[in-house]
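Just one chain is shown here, as C-alpha cells, and it is the form predicted on its own.
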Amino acid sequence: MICKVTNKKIKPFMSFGRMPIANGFLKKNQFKKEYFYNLEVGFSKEISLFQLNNHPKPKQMFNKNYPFFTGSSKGMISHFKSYANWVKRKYISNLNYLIEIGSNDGTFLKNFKNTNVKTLGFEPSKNVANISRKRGIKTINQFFNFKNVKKNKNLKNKIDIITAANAICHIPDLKSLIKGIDFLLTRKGIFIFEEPYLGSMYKKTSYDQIYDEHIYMFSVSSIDKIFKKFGFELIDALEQKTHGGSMRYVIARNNIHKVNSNVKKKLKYEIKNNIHNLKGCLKFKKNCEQSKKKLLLKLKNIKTKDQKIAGYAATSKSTTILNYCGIGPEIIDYICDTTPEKINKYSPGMHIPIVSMNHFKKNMPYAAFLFAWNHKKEILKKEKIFNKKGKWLTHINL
C-alpha cells in the first residue's frame, strides 16, 4: 500500500472485506454486474493520515445519478446556514469572491445570494449540479483539481475564501487539490473546510464512516502536517456536531494570519489519545471486531423471536455496516428512505429492498436500525408513533 500524499509504502492494518460502491443502489437486473473492491485501511505515521488503500474511481461514485442531496435534510440546511453566517461574521469585510468545492445542490452557497459576494460552485455530479444551477447558483460541473482550476485563468489569485464540507476527504489527489487552492487564493486568502473527525470515529467506533467516498479520515495532526508540506498552515480548528462529530479546519498561507490557540490544544489532545499514531488505529480495529460480534448477536436474538427489523434511511454509511457484518434481507426485511432515486431499488452488496417511508408507517416493524444515527434528533421528532411502539437499534452507543 502506498500513502497517497507521501508516496511512501505503508502497511494496511485492517480490511472490512469485499465492498460495493456505497451509494450504488441498484435494480435486480444489475446484481450480476455489481462492482466490488476490497475495503482496506492503512495509516501513514509520517503525516498521521488514516486512508483507504483501494477505492473506486471518482467518476464511478460521483456521476449524473448521484443519490445524495444536502437539501433533503432540515438539519443540514440549518447547519449550512449557520456555517455561512459564521463565514460572513468572521470574514465579510474582506470577502468579495467565494468558491465552494463539492457544492452539491447549492444548500450552502444559496446563503450568499442576497449579498455582494460573488460565488462559484465546483460539483462533479451532474444531477445535483443542475439543481444548484436552477436555483441561480453559478456552478461548474467538474471535479476540483489543478487541471480543471487552471482553465479559469481570470480567477488566478482572485478568490478570498474557498470552502468545502464533507468533500475534501473524497478527493484522492490532495496534492492537485492544494495546487488548485494555491492557484486561486489571494495572498491573504483562506481555505475553510469541514470533515468527519477521526477522533470522533475512534470514540464512537463509528466504522460506518469508512466507505469508498471517505478516502481519508482526517485529524488535526494530519491536516497540520499535510498543509505544512505545501507552504500553508492550520490557523484554527473548531469542533462541529455534524456527521456524528466533525472538525472545521481553517488554512492560510504561512505567516500571514495569527494561529489560534485551539490548534495547539487539539494537537496535544490527539497525542494524549493516540489519534496521531498507529496505536490508535490498532485499538480501533479491536473495537470494530467487538462491535460487529455484539451487533450480530443483538440482531439474531430479535430474529429468533420472528420479529421484523427495518433499516431506517438508506445511507452510504449503511453499506459498510451491512457488508462488513454480512447482514442481508434474512435479517433486515427492508430499508425505508425518502430519496426517490433509491426507492424500489436494492442496497449495495447485500441487496435489501429499499421502500418508501409510507411503507414503514403502514408496516411498522418491531425494531428499526437507525442507519442515519447522525440525524437522530431530527428523525426522532418525525417518528413519534414509532418511538412509542418500536425499538431503535444502532451499531454504536448514542
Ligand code: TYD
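Computed from a prediction, not measured in an experiment: that's the story for all the values here. In case it trips you up, residue 1 is the first one in the sequence shown, and so on.
The next section is about a form of this same protein that is not shown, the form predicted together with the named molecule.
Here the marked residues 197, 291 and 395 all miss the named molecule in the predicted bound form; none has a heavy atom within 4.5 angstroms. Remark: residue 316 counts among the residues lining the named molecule in the predicted bound form, judged by a heavy atom distance of 4.5 Å or less. At the 4.5 Å threshold, heavy atoms of residue 243 reach the named molecule in the predicted bound form. Shown alone here, residue 18 lies farther than 4.5 Å from the named molecule in the predicted bound form, counting heavy atoms only.
Contact check for residue 176: every heavy atom lies farther than 4.5 Å from the named molecule in the predicted bound form. In plain terms, the part of the chain that comes close to the named molecule in the predicted bound form, with a heavy atom within 4.5 Å, is 336-344 out of 34-42, 48-56, 336-344, 358-366. Scanning 207, 144, 193, 312 against the named molecule in the predicted bound form with a 4.5 Å heavy atom cut-off leaves one residue, 312. With the partner omitted from this view, the residue of 284, 218, 249, 211 that lies near the named molecule in the predicted bound form is 211 [heavy atom within 4.5 Å]. Contacts between 355-375 and the named molecule, taken as any heavy atom within 4.5 Å in the predicted bound form, involve 357, 372, 374, 375.
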